[in-house]
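Given as structure tokens, the chain that follows is alone and in the form predicted alone.
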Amino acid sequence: MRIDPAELAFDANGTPFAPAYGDVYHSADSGPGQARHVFLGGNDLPRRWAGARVYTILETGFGLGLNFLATWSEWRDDPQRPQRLHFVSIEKHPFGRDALAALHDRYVAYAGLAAQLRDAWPPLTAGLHRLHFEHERVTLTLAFADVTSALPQLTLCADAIYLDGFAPRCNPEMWSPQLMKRLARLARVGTTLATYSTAGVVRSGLEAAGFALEKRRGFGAKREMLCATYAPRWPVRGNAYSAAVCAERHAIVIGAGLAGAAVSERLALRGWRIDLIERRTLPAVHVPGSYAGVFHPHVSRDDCILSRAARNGFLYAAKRWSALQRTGHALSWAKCGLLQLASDSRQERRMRETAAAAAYPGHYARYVVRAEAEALAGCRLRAGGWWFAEGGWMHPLSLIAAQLAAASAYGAGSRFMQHLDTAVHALARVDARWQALAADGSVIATAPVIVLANSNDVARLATIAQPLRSIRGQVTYLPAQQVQAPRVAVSGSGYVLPAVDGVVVTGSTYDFDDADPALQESGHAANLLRLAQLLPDAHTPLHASMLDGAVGFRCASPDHMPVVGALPDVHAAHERRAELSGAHLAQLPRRAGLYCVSALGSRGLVWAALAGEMIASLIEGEPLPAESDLAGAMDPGRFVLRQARSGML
């Protein structure tokens, strides 16, 4: 979906105005005043959130962000504030950062908060953008999309709803009966709602959706406003997604790679006690010439599921890494930019057409011809391609170490236990708790929740009714003085990085059904061929047999999407296979307290942070950081469901 930014304009009274809709963004009397009276006051906040562990607010029109800023300000000033505040807002036409700065200058009371918001402001690309503030006690999830398509894609249980947007006469789709029903799907009995509008279509739509209405005094020149409580007069099953609060906030995480480190850090930040189990000892972080991988978005002509998931992951990961650095954790990485070269003239043409149609912000993705690509890289190339200015390279070991150090710091050490050089032989479920067992039957750790983040070894401990594939990858280290390295990361048939500490990393092989952990001369030879395809002048006098490198193993699923979420109960699903033939993912039986993150493939750097946040959000019952169709495309139960639907279970 292409995102068209809002136009910065004002009406005759100087109130921010939307020419496309012929309406103002807020009351001429006061934007902050309207936010406090209508939306906070109309939802009886802050009284209703007092003492809550997690409180979730859903808003239907972000606009200038005044409702969010007013809520954030009230949260700051309230000694009874919730431990974690989630604010989820939808905006079809977001403002750019510069326009927001010009608008926010008018609201001096929120100057400091508004500056933080603008510093974290995401690129104007479609999808969900999760922003954290106040040491992550305040989280803003922005959905850049049309409200009618965005609401079905949200997974959350709202405690309060800010029904905002341009007036019904100017934007009727935003106030339709269908939209009110979609809001009810995201509510629970007792959820409150407030809006400035008392139009008949709004009242009738809310009542039909199950809300009990009350008119109250409006703000400024508006005589009345509307408040509501979700209280349907018919039996309801309740929100399908609600917090399953675990009394004992203790989890076992198996695997200390990119996935396990990300999950541990996300859960520890939320106050969970973690037992991290890893079958190997962790390697030293600072190894000369150590493996480095690339990170960048994935762009496709149809903005497919893979592209959308990679965009969410890429943008979230970059923010998380920067946050780790700001809190003093060392990372070895560089946002040097990355060029993804076209393989031929046909692909170059498709890239140009995609760039024109998508109109991505230039700092996110843009097409460059070969001459510009060569100027960026500082060397001769075979083609032009995508330029990802925020892409680059990362030493994964440094990221893992930083995340584990952060997890330990959150729990003051004693709440984060590492069991290294320890193999989990089996899992056992005893009295609603999970046990991780060693080969001799002894218990390594016990907790109500287990997260399997152990790559291909997931299937040995818990089935997902689908084998995962191990893919060997070998990279090659070249002495920097032996090859003209590019100034930026370059990818295509393989990748090559700028020289770091006197070493140029290039690769990688993609070897199926090869479990050999040793370096292979044939792998180095293949990597040199890939390098020559990327950089025509990159010749090295060294023979493949003289080169050093590293070997790793990727885990991949058949559909090339990661496996992230609650594990299915395959045995129970088999027993119920007849009734599941037309089921949805939400109806699949699950194994209580058992989750996994696996099959990150060659995009581990891009997906791990988002996967960790998704798992922590699922466990805590917080709004998911990805659209429901993306979460479904990653759900471990998808394979069971496909088999049930095709009669193969």
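Numbers follow the displayed sequence, beginning with 1. Please read all numbers here as calculations on a predicted model, not as lab measurements.
Another form, the form predicted together with a small molecule, is not on view; read the next lines as being about it.
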Worksheet item: Taking the shortest heavy atom distance, is Asp159 within 4.5 Å of the small molecule in the predicted complex?
Response: no
Discussion item. Can you tell me whether Cys596 touches the small molecule? I mean in the predicted complex, with a 4.5 angstroms heavy atom cut-off.
Written reply: no
Practice prompt. Please check if His560 has a heavy atom lying within 4.5 Å of any heavy atom of the small molecule in the predicted complex.
Written response: no
Worksheet item: Within a 4.5 Å heavy atom cut-off, is Gly255 in contact with the small molecule in the predicted complex?
Response: yes
Discussion item. Within 4.5 Å, heavy atoms only, one stretch in 186-194, 127-135, 450-458, 356-364 touches the small molecule in the predicted complex. Which?
Written reply: 450-458
Worksheet, complete the sentence: The listed residue (Gly293, Pro486, Pro568, Gly523) that reaches within 4.5 Å of the small molecule in the predicted complex by any heavy atom is Gly293
Worksheet item: So which of Phe211, Tyr477, Tyr495, Trp272 reaches within 4.5 angstroms of the small molecule in the predicted complex, heavy atom to heavy atom?
Response: Tyr495
